[in-house]
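First, one chain by itself in structure tokens, the form predicted alone.
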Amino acid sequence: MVSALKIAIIGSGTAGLASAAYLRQEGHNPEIYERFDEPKPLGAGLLLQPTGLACLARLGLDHKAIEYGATIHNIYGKTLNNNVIFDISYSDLKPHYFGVGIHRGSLFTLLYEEALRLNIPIHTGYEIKGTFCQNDKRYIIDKSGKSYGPYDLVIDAGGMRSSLRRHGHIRLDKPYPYGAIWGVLDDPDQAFGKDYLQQRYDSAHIMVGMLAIGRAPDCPTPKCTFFWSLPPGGYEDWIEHGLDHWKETVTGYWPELAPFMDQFKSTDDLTHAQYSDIIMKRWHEDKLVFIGDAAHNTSPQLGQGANLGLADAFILSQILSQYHDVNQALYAYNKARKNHIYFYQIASRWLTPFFQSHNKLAGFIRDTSFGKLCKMPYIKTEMLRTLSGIKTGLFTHMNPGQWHPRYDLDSPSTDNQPSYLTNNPKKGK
């Protein structure tokens, strides 16, 4: 029996909260340090894939996520001249597969309440700025210089702005030339449906999308996440030109969005997001490990951030309980996660210029080829495997059924779905 470990987790985001819950399940003693005075989610909505749902199932939370969120069956995107770029359905991969659009606040609530139920200590108002080892234990240091410990392990789940990553850990830290503005909209009549993600494109420099995300924890009204691609340097211009001018631009690209745009009353109703490509040489050192966006931040083009973070947290907890030596466990964890994470880092970096860049050639290639590729059986299957979060290499993939049988590729099951989800819903156009 592996001895119970005393573990400090930096950050109460998706990866941090999930990691604490998994570790408590395995008999360890985790505690969380959060820089905010009150833990809270950052961001609008996200798309849970079968991988992320399988991880949540290990905590008994996938049903609740499905209940909170909107079940996504189809991905549909087209250009202004109605050239279809994406028209794919999870069911074309496996009939029981689907995604879940969910408000970040809803996912946070599920994981936070689970942490409280498991009596995991959450220390708020602690901005951790450093860490050191002493007498074979690890300590953490806050911004005032006060240290806390000793711990058998420190887990950095502090997100893309992690303060514990040193330059020696990082192979690449490069901002993307494009970001986005995000907002949450009420969709009481579900005019944009509840089972698809829709996008519109103009070359590679304009991308606008709507993702159904179900309901927020404190509101029963169905909602959507809206996003509009924007270069980081264009944010000030966006503010200067004014909201009304921008709304006209949006509805010029997508007239059906006009009634939704009226919900934005000021620029404060939208959040500006910037992305970086962070690649580390390895995700661990002596009794310290990085998970989630702290370890492998990417463009959100493939929508895998939360899913990779959940997988990190779950797999780390399993491996730690298989080794008596923490550093041997961290080495094994690094090896176990390498292929899965590297594939999505490379795929995100490769795909992003086709949707968010000033590259006209990339836009032309996408417009003339992606729709045709979606109709080729082998390519379509690989696209769906990539979307579902299960790829581990160009010709390899994993099976989330190894994490939970409800999401097994080879043994279809629908006991995790409301009965209406077994129908074949009409694709959004």
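Numbers follow the displayed sequence, beginning with 1. Predicted, not measured: the structure shown is a model, and the values here were computed from it.
One more form of this protein exists, namely the form predicted in complex with a small molecule; it is left out here, but the text below deals with it.
Chemist: Mark residue 275 yes when one of its heavy atoms lies within 4.5 Å of a heavy atom of the small molecule in the predicted bound form, and no otherwise.
Modeler: Because a heavy atom of residue 275 falls inside 4.5 Å of the small molecule in the predicted bound form, the answer is yes.
Chemist: Is residue 314 a contact residue for the small molecule in the predicted bound form, using a 4.5 Å heavy atom cut-off?
Modeler: Because no heavy atom of residue 314 falls inside 4.5 Å of the small molecule in the predicted bound form, the answer is no.
Chemist: Report whether the minimum heavy atom distance between residue 33 and the small molecule in the predicted bound form is within 4.5 Å.
Modeler: Yes, contact at 4.5 Å.
Chemist: Should residue 159 be classed as touching the small molecule in the predicted bound form when contacts are defined as heavy atoms within 4.5 Å?
Modeler: Heavy-atom contact with the small molecule at 4.5 Å: present for residue 159.
Chemist: In the predicted bound form, does every one of 50, 177 and 344 come within 4.5 Å of the small molecule, counting any heavy atom?
Modeler: So, no: the whole triplet misses the small molecule.
Chemist: Which one of these stretches, 147-155, 231-239, 288-296, 131-139, sits within 4.5 Å of the small molecule in the predicted bound form when only heavy atoms are counted?
Modeler: Of the options given, it is 288-296.
Chemist: Between the options 77, 105, 214, 300, which residue brings a heavy atom to within 4.5 Å of the small molecule in the predicted bound form?
Modeler: Selected option: 300.
Chemist: Let me know the one among 227, 333, 354, 260 whose heavy atoms come within 4.5 Å of the small molecule in the predicted bound form, would you?
Modeler: That would be 227.
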